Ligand SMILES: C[C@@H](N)C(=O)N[C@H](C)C(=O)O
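In the block that follows, a single chain appears as structure tokens, in the form predicted alone.
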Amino acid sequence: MKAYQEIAIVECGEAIAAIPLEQFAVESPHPYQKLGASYGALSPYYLRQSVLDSLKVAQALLQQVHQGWQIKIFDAYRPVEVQQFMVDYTFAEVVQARKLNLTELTEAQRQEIWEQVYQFWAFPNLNPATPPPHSTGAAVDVTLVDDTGKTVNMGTQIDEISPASYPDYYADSTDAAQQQYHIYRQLLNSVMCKAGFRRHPNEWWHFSLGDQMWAWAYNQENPAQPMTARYGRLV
């Protein structure tokens, strides 16, 4: 169990809403559907209504700083079944990258690879007390697009399992390109946090509002006024 999963959930019952894709830049076709993940009756482009409203505010704040820039949505709502699909896919990717044989892994190797995967991916848990953040409809993976329509280079791809994906990885770099990665990550974090979101501690691209991770981050900043989560897993 991760620290944020200890936060209590008091479900508010707010409806999930379709993201108006014409108002944002969008990763298309959706990266997980392209791999074969099935979302059932919904699509990945859904969020709780208040979370969607706040995402619109974040984009407006971005455009006050950089006219014509947009938030690019990589992923939003994710059923637990898709979480399981992607966790298994990522495990296999790590095995392949290390040139190992999946059927010949030792138990120690399996354990070490799973630990690496779960630094970035939430466990695909069906326990309503500990839902994966994206399955609540309150988490979104985003990046930036400039006024020419080009995706901004943030230093790593979304979902990259690497220390370079940690939000402040490039903070102390003296390399000019890496300094720029950090500036762009800070810009994204600034507009999202001003709109009410909080960022995943290990992922520069993951933001949430109202779920357990959001409440945990809020409570780190405001220990005297702790919050509970208001969004649980959508079923």
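Keep in mind that what you see is a predicted model, and the values were worked out from it rather than measured. Residue numbers here begin at 1 and follow the sequence given.
Keep in mind that the form predicted in complex with this ligand is missing from the display, and what follows is about it.
Under a 4.5 angstroms non-hydrogen atom cutoff, this ligand in the predicted complex lacks E81 among its neighbouring residues. Heavy atoms of F120 reach within 4.5 Å of this ligand in the predicted complex, making it an interface residue. When this ligand is considered in the predicted complex, R185 lies well away from it, no heavy atom lying within 4.5 Å. Although the partner is absent here, H200 is a contact residue: one of its heavy atoms lies within 4.5 angstroms of this ligand in the predicted complex. Of the candidate stretches 133-141, 106-114, 146-154, 93-101, only 133-141 has residues whose heavy atoms lie within 4.5 Å of this ligand in the predicted complex. Counting a residue when any of its non-hydrogen atoms is within 4.5 Å of this ligand in the predicted complex, there are no hits in 50-64.
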